[in-house]
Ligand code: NAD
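Next comes just one chain, in structure tokens: the form predicted on its own.
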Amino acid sequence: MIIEPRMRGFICLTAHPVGCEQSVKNQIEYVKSKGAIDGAKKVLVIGASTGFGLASRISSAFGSDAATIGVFFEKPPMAGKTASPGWYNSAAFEKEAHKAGLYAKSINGDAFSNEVKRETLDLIKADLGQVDLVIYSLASPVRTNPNTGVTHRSVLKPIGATFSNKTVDFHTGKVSEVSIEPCAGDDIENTIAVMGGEDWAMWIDALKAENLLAPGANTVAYSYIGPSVTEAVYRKGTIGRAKDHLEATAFEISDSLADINGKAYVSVNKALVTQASSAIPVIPLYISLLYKIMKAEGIHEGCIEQIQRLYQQRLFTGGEVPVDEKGRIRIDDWEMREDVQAQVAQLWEQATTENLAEIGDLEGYRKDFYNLFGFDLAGVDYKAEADEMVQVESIA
């Protein structure tokens, strides 16, 4: 069928299999163009189908010839109905990995559940023996704790006071004021339960208990800090509390891995267009201004550029991994440069519906958003019929 983007608010309801495949191929070519990385050889990526998780899987496989197992929760296709983009991304990744002679298998299911953990452990045991890198890159708004059966829902809210600031509807370009009421009740605890470090630690504990972590194995989870303009709703809000918990968990995991000489890291990454960030008020306006500045400075990066640099210049240099005073890897260093943030703050004050197209990169934001779903990629004929019934080889 001919597949076009169908929007509902900040969500695209369709995905293009050929476009997603092209996106994955583009990322693979980028990693290959940057040369070999002396990195991990057996890698588990939890949350492997989109964004930083997908970029991690691609960087491991095509930068270091790694065998990879990817865990994700995606919607397969049905006749006349497209799959979610992460399904098509994973299908394309496996196809290219197998073509290159690389081991790649995937598990589709709820990574928070004991069942999916068990299935993953059994697959590692049967096929790889052990893994030497675990990437934790889950981005879900809901988590059912497998031990208590309680379902927690995260919220993106400020703490203590209503937050009001500018935002933009990236579809229309309209800049407006938005207000977000402060959190209440169990909002903070629920957000920590979903987006904090508890599930990451559960994965590492389960792997270690069955001797599936190789000597010297590392694990990395991804976080974000961001600028002062988003601080009240992000880093000092409910999600910030969850990120604090995630970062504290890294130290606990490192302690638990000391006997195998392993280590846990949190990598603070840059602001990028994702399905999640598009729904966060304020963030789309910030990103469109940031993109304009970083592109002008020649320091703009997408997910694949960020993770390739993380691997090549931070994690796998052969020396000590450089961290900040709180033990975090900072790959958001270019975004948070003083000159970049000073320019963002200046443009923020000026931004209106009328001038945003000129002072910001709203077009770049929109393009990145559509790219997430396999649309608006060069080299793809969107007028041609596409087969929506694409399977992931190791799942089919």
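All residue numbers are counted from 1 along the displayed sequence. Predicted, not measured: the structure shown is a model, and the values here were computed from it.
The same protein also exists as the form predicted together with ligand NAD; that form is not shown, yet it is the one meant from here on.
Interface membership of F112, ligand NAD in the predicted complex, 4.5 Å heavy atom rule
Yes, F112 lies within 4.5 Å of ligand NAD in the predicted complex.
Closest heavy atom of L44 to ligand NAD in the predicted complex, within 4.5 Å or not?
The answer is no: L44 has no heavy atom within 4.5 Å of ligand NAD.
Contact between A48 and ligand NAD in the predicted complex at 4.5 Å, heavy atoms?
A48 belongs to the contact set for ligand NAD.
Can you tell me whether N190 touches ligand NAD? I mean in the predicted complex, with a 4.5 angstroms heavy atom cut-off.
It does not: once ligand NAD is placed as it appears in the predicted complex, N190 has no heavy atom within 4.5 Å of it.
Only one of 145-153, 250-258, 173-181, 132-140 has heavy atoms within 4.5 Å of ligand NAD in the predicted complex; I'd like to know which.
One stretch meets the cut-off, namely 132-140.
Looking at A92, L290, V168, M195, which is the one with a non-hydrogen atom within 4.5 Å of ligand NAD in the predicted complex?
That would be M195.
F163, Y311, W200, Y222: which sits within 4.5 Å of ligand NAD in the predicted complex by any heavy atom?
By the 4.5 Å heavy-atom cutoff, the listed residue in contact is Y222.
Judged by heavy atom distances of 4.5 Å or less, which residues of 264-299 approach ligand NAD in the predicted complex?
N269, K270, A271, L272, T274, S277, in sequence order.
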